[in-house]
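The form predicted alone is given below as one chain in structure tokens.
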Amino acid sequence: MSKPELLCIGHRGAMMHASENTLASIHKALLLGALCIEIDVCSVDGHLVVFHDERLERTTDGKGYLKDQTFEYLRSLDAGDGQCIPTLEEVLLAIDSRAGLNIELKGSGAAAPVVRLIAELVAGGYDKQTILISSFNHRELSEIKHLDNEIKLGALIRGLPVDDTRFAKDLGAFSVHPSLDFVDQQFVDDAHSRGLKVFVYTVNHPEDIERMYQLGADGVFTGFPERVVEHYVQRDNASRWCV
């Protein structure tokens, strides 16, 4: 019996196996078979750094708010297992179009520099189709669309709007990213009726992974890529978000 299809997206790399949002976590996700990876990106001190939280304490040996630090200080920190906080450019070069990359924009002010960096790498041969940019800040997504309407957008949401996924369609999004805590059949069906892909976060338990498949989700963000890859087919062209 053939396996069903469900796209595996490594959440912050493979964060249940290696320190999140580090190059080690990304390499681990690839090793475990994830053809797509999600990371978090912030604009700090003129640099695009890969980091999730507003503060440093949870994942590094540093202290304070991320936005208040110098790039030099951030690079001096241990982000887990001797890893440093990487830059977006380092992540893109490490992946080198071999996997799909979901860049989640945190806060504000990252849209324009991210688009500039992507344009520079695309000019050198990077495959733009492997890149998907998402955010809870839909103003940032609107700016991305204005700057480069060829970049795929993923609209993040926590909750269920009255009009389901209309907001994502209005943004010109490629996909909508609901929380596991809220997604239901009506939301998935509405997204598909509008031509949107549905990628659900964060789905770690096998029974939840199966439930998302039964709802018809196109993919899941998970800290355990092996739990998805073992039981669900990953298409050869998944790195270009073709599901």
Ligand code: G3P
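Numbering starts at 1 and follows the sequence shown. Values in this document were obtained by computation on a predicted structure and should not be read as measured data.
There is also a form predicted in complex with ligand G3P; it is not shown, and the following applies to it.
Each of H11, H52 and K106 is positioned with at least one heavy atom within 4.5 Å of ligand G3P in the predicted bound form. Although the partner is absent here, Y201 is a contact residue: one of its heavy atoms lies within 4.5 angstroms of ligand G3P in the predicted bound form. Among residues of the shown chain, D40 is one whose heavy atoms approach ligand G3P to within 4.5 Å in the predicted bound form. Heavy atoms of V114 never reach within 4.5 Å of ligand G3P in the predicted bound form, leaving it off the interface. At the 4.5 Å threshold, heavy atoms of Y73 stay clear of ligand G3P in the predicted bound form, well away from it. A heavy atom within 4.5 Å of ligand G3P in the predicted bound form is found for one listed residue only; from R158, R139, H146, R98, this is R158.
Only one segment in the set 182-190, 32-40, 208-216, 64-72 has any non-hydrogen atom within 4.5 angstroms of ligand G3P in the predicted bound form, and it is 32-40.
Residues are counted as partner-facing when one of their heavy atoms sits within 4.5 Å of ligand G3P in the predicted bound form; in 212-226 only F221 qualifies.
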